[in-house]
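This document opens with one chain alone, in structure tokens, the form predicted on its own.
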Amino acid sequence: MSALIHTDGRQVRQALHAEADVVIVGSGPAGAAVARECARSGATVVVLEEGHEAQPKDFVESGLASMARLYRDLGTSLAFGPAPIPFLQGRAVGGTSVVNGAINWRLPRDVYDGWVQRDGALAEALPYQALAAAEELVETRLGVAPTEAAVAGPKNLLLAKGAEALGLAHRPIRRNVRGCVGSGRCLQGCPHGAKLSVDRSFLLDAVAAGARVFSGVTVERVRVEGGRAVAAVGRAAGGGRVEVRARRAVVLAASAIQTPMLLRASGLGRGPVGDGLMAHPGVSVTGRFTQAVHNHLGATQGHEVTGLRHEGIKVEALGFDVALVASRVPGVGRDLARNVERLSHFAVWGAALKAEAQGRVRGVGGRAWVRYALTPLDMKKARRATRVLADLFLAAGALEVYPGLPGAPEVVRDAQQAAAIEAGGPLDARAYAMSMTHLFATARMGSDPARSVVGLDFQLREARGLYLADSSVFPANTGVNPQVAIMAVAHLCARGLLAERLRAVA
């Protein structure tokens, strides 16, 4: 047994009963932040995690093999709509932080102001200065700093060159790493242990303060008695039933997909539970350079273009393993073979979109059923982002750009062809090979019970002592990578929970 895991669910074949002051469902960034704060404040804590612990020595280079082991649904989770869109979620101790790109942003002030404009009570529930202080705490512990040029690699430096030539604001991505060597394997799990995912930071701190982590335990419902959440109930990977009773609080930090599913499975579906799903769908474009780029090497995602954030577009360099890069090159037959031979000269860049679309999450047979349809405005944004990516490649010196859009030029070699994408490219979501990251708002916090699920104290209105701490409580998407903001909000949730506990004791 590792120093992190108290109980491995694969070994639990008989009924297991435990008790703690605070029971947390989910060990990702939100759950880890709550566990650390509560344990350090003297509360007894149990963290329940469906996935298993993964050590750096176990991480493999293959993206597909990593998805099979470390991602929910083997990396095949889909949001259904006019065009099905895959979304990725980690399933391991440490949650998605184990397999994300290590990108960190504080919540932009304009995004926060938009939240408060829609619901003024949030200014008191989530004071900006308190949020900023929590973000500072998170960044300090995670060692967040800009990507160093020495480990950026050509794909990131070329994006910087293109953005500079176009006059677009850009910067090295701020990442939570220490001792990064630029192996380009963040999305498969860092084989060097250089990424400070929460299993290597916040959870370790929580365990050092007395928290217990139960891995391989799937929570199926929250038990409510007399209007109060009293336990989390589920099954261990070894087959045994598990019940962990909570003397003070149950905290759901299972993600914007699993948290509303768990609420509904527990009979706690009053209000817009599972509705209003928001996200950051993304488009990507491939370019070919004269020089070798080695897209699979260098910081996985080490540079970003921020100059179009006001349009809801944020461009990032993308790092994939060789097999996934090969899937992005054009051609068939001999043309494909020739491109595979010069695979080291291809780069893939992507744009995340702050979409206005709102979907919904339901559980069917224990699995998530997600509906999500991009709006016409979102599609215009996707088309524009594709053109911007083409412009960036050309400005960086790419010989050819491959937008991969039916109805658009198959190969783009000049700015006029790139402009034609935005002028006349498709607006049908089915034309775009999108993926979706950063999921929000399926159990929103707010002052209006008709439009929100949790109150301003993070507690579910239907059950006292049941707190929600993940991105499901966010009022809307953020347009930027949310890990730091999620952890800061979760930290504030924990502070509120502890204050409520002290009031109850008094």
Ligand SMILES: Cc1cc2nc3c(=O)[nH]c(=O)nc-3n(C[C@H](O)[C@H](O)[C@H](O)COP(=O)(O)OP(=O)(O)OC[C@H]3O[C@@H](n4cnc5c(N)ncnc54)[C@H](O)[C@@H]3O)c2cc1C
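What you are looking at is a predicted structure, and each value in this text was computed from that prediction instead of being measured. So that there is no doubt, residue numbering starts at 1 and follows the sequence shown.
Below, we refer to the form predicted in complex with this ligand, which is not included among the displayed structures.
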Close approach of residue 53 to this ligand in the predicted bound form, 4.5 Å, heavy atom: no
In the predicted bound form, residue 438 touching this ligand (heavy atom, 4.5 Å): yes
Proximity of residue 402 to this ligand in the predicted bound form, heavy atoms at 4.5 Å: no
Any non-hydrogen atom of residue 9 within 4.5 angstroms of this ligand in the predicted bound form: no
The single option of 286, 97, 386, 295 touching this ligand in the predicted bound form, heavy atom within 4.5 Å: 97
Contact residue in the predicted bound form, chosen from 217, 418, 351, 273 - any heavy atom within 4.5 Å of this ligand: 217
Segment that reaches this ligand in the predicted bound form - one of 161 to 169, 116 to 124, 71 to 79, 405 to 413, heavy atoms within 4.5 Å: 71 to 79
Heavy atom contacts to this ligand in the predicted bound form at 4.5 Å, residues of 83 to 103 in sequence order: 88, 89, 90, 91, 92, 95, 96, 97, 99, 100, 101, 102, 103
